[in-house]
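Quick heads-up: it's one chain on its own, the form predicted on its own, in structure tokens.
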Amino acid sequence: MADESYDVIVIGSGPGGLSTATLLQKRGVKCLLIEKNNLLGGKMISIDKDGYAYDLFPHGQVPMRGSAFEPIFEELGVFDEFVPALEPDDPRDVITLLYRRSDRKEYNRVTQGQAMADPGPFFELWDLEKEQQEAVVKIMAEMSLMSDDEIGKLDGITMDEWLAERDVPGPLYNYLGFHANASLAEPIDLVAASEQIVIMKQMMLQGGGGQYKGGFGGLTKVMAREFEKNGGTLIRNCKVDKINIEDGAVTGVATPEGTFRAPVVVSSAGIQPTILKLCGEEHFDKTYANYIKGLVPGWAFTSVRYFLDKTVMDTAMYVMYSDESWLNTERFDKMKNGEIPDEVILFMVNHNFYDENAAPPGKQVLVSGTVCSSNPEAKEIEGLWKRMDEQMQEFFPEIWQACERREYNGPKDIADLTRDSVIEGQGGECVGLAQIVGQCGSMKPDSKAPINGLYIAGADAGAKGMGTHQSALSGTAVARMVQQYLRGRAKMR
């Protein structure tokens, strides 16, 4: 297999890389997909062992209706296998929310249907007077009715700045502070208003918190199967050492398995590892290399997985936050320096709600997470695990008492699984680059790198939105760009 030639080589099987490879192969482009792990999926990985099926960290698809994966499955001819485990209009109670105002000692607790579908439970959760309710509805309506052009003009404005121009009830501001952490892994005083508003709009109009049978890995399995079925070559357990470049153009990659040739290389290994390590900054203009070095990573999510010996959970998601527990930049810096907060946000996914086969009969599995530094050597992680367990004991005693074992996961595990840490303190981010002012929307890094035939797919380039959806959007766009590039090369021959 070594030294074989392809039209395109794709590095990494995360949602960006896998989407690109699968679509190109379906369209008749000869592709090689190289994955450094045995398991496929990157940050969309799911585990299936010991009778349990679950994601490594808590995921929730936004949007539920109209996600980037739908047209991919339709083009592959397997739309019948695109089976969300939850519909936006599901009549059941779906989410359990716990919230404490700064002027209260106790947490309010409500259980409701799909998040954002009905503001009534939020009004109850937040203890809002009628005048405050009207102010909340006004702001939420403004976000839901904004056009794409209007949202695009907010790339350089933080969500905090956008809200400062409006009459915002405190509980709504604190919810959006929590939402910036849980959905974007960012602080509200840095996250671009355009990024947060587009996700809020999708949640309100298209649903949020979606999942799939067997976790997000169910999508991975189908796309990887179709990739190989259509003639694509997949190599697992193979780490790319170098992207080969000659005369300003890629020529392929070098791996322990040998050298593979192609006029196009698509990397979903992260923009910084790709440019600074796999290619080498000597191949780029200093201005571009310094720009890549200066890009800011998103925060990470550290997880605790609870395996229960009986069924005690009856909703899909459990969310817990207070006015003090969500993190802005100041609070985050304190935590990063070892000051573990008294309370942390919790975002938790009960996989059994989505899939009756997610655990052995009579058992359940819960994947819980909170935000942390993306530094693989972050010192606050064990303190956060302890705090997460303490909150579980206090506020969800029925879950804690049913727990027969726990598994812990942090940014080092994510870095080992996905992208290399090439800049100190980076590598374990739960998505990729931070969705903050200056590096998203119109200022997002271009998927086409300044080397002929080199493209970046995934959350670091070319798309907006939340997590896996954003990555798949990027992969879809890169597939189109690569086809155009290959057609141009063919015409020049």
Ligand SMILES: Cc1cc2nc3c(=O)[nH]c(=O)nc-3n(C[C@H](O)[C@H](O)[C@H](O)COP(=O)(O)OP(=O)(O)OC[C@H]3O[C@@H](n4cnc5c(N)ncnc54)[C@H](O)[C@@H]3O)c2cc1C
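The numbering used is simple: start at 1 and walk along the sequence shown. All values derive from a computational prediction rather than experimental measurement.
Keep in mind that the form predicted together with the named molecule is not shown, yet the notes after this line are about it.
Trainee: Is residue 418 near the named molecule? Define near as a heavy atom within 4.5 Å, in the predicted bound form.
Mentor: Residue 418 belongs to the contact set for the named molecule.
Trainee: Would residue 239 sit within 4.5 Å of the named molecule in the predicted bound form, counting heavy atoms only?
Mentor: Within the cut-off, so yes.
Trainee: Given that the partner is absent here, does residue 159 sit within 4.5 Å of the named molecule in the predicted bound form, heavy atoms only?
Mentor: Residue-level check for residue 159: no, no contact with the named molecule.
Trainee: According to a 4.5 angstroms non-hydrogen atom cut-off, is residue 67 in contact with the named molecule in the predicted bound form?
Mentor: No, residue 67 stays farther than 4.5 Å from the named molecule in the predicted bound form.
Trainee: Tell me, please, which stretch of 244-252, 78-86, 151-159, 268-276 lies within 4.5 angstroms of the named molecule in the predicted bound form when heavy atoms are compared?
Mentor: Single hit among the candidates: 268-276.
Trainee: From the list 227, 321, 301, 306, which entry has a heavy atom within 4.5 Å of the named molecule in the predicted bound form?
Mentor: Of the listed residues, the single hit is 301.
Trainee: Scan 34, 449, 31, 434 and let me know which has any heavy atom within 4.5 Å of the named molecule in the predicted bound form.
Mentor: Filtering the options by heavy-atom distance leaves 34.
Trainee: At a 4.5 angstroms cut-off on non-hydrogen atoms, which residues of 30-57 are near the named molecule in the predicted bound form? List them in order.
Mentor: The stretch touches the partner through 34, 35, 36, 37, 41, 42, 43, 44, 57.
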